[in-house]
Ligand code: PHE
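Given as structure tokens, the chain that follows is alone and in the form predicted on its own.
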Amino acid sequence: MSSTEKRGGFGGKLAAILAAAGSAIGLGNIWRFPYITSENGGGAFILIYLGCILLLGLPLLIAEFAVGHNTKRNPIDAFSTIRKGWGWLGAMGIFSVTLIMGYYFVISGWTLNYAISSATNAITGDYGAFFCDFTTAVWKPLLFTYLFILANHFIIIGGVQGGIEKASKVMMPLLFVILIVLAIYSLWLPEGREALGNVFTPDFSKVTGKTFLDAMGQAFFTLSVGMGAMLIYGSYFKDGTKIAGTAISVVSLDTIVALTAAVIIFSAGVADQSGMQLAFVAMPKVFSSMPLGNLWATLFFLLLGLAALSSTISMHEAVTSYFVEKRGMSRGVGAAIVTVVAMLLATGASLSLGAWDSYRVAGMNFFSLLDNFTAIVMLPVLGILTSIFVGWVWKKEDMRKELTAEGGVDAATYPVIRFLLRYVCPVLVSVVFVCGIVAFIRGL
């Protein structure tokens, strides 16, 4: 048996697409995209966003898939295999995704609590107070966070095909079914049909420099690039997988989910809300006034939970693969280490919203510190370095062979992708990085 067979991999193209799309489709598709679409002119923003996806998101996704598929290694070994001495770039990705898990698992646990609470009609009264009381409590949010982490753990120890692939084949169709049901119900309402026009009708009077910045940021962050998750999934692709075609499929599914979520949120009349307030305060209030409100609320939070789980699985796997391949541990032991570390970080992040809120760094509690440091610093820097590595460090001929032989990129398209990775992507992500830093400093 070859080392690749021992290592495991996805069983086919559909499994690869579903798993990678699951990694890309996360909470940001549902609670961030609708807000920035509303704020930046609806269809006008969507057009600019699609342009940024083609110029920024798609090339970077192809780059990560290509590095992983070419080397069949974990993030550290993948970069050092292509060019000796570059393993530190993979190590930065593993460090970053570990920190992201620390707060992302906490939010994911909230979706589980809200799904159960919606199904049992336990969310009543002041929705803002309900959210505050829950998130600042000690044991209840930790319980749901731990349950969510353990769900990831048991999927990961099942292996690539027996765990990740099997879970993706169940979760992603279920996610799409729930999304479609909510969208159909939204469009059945008069407000929903009006929302459809609001989402897709361009209002260029709202387009500013910030619109382009928001579009670039969303295009970069939505595809989970820069943290090693897509690289490790690319390493599990079968020989002969069309890298570019798979990336296009993932980008298409990710964009469809974001647009459909925008229709749902616009029809609910809360598109001016963002983030946690949108998901955990505004939406429950809207559902409470609807017929069968508990049912729709339960479906909505199941949608959020599935989106979160499909993303956190790829995060967990990116780090687990390091312990299995680099440290020679069994999958069970490697996954257990990641699970324990995630629990420790998530415990600190959850408690920092309540009992430990007084412990702050630069005015931020531990939850906000993890969020801001990874989103503003780590991920943009990793995106810049990854595009430089693939565009400038990876030998031109080796990259061309990867993309034109099994990658399925014809001779005319390959130079375009290489040009984008060498010049356009580093510049655009640098703009996102600098503007993020400036905005953060101004907010202090």
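Only the largest set of C-alpha atoms that superpose within 1.5 Å between the two forms is called the rigid core. Fair warning: this is a prediction, and the values are worked out from it, not measured in the lab. Note that residue numbering follows the sequence shown and begins at 1.
In what follows, reference is made to the form predicted together with the named molecule, a form of this protein that is not presented.
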{"property": "Heavy atom contact within 4.5 Å of the named molecule in the predicted complex, the stretch among 240 to 248, 135 to 143, 83 to 91, 312 to 320", "result": "312 to 320"}
{"property": "Contacting member of Gly26, Gly57, Pro34, Gly383, with respect to the named molecule in the predicted complex [4.5 Å, heavy atom]", "result": "Gly26"}
{"property": "Residue among Phe200, Phe95, Phe221, Tyr127 with a heavy atom within 4.5 Å of the named molecule in the predicted complex", "result": "Phe221"}
{"property": "Touches the named molecule in the predicted complex: Tyr104 (any heavy atom, 4.5 Å)", "result": "yes"}
{"property": "Contact label in the predicted complex: Leu231 to the named molecule, heavy atom within 4.5 Å", "result": "no"}
{"property": "4.5 Å heavy atom contact, Ile164 to the named molecule in the predicted complex", "result": "no"}
{"property": "Exercise: Leu304 in contact with the named molecule in the predicted complex, heavy atom 4.5 Å", "result": "no"}
{"property": "Large Cα shift (2 Å or above) at Phe65 between this form and the one not shown, core-fitted", "result": "no"}
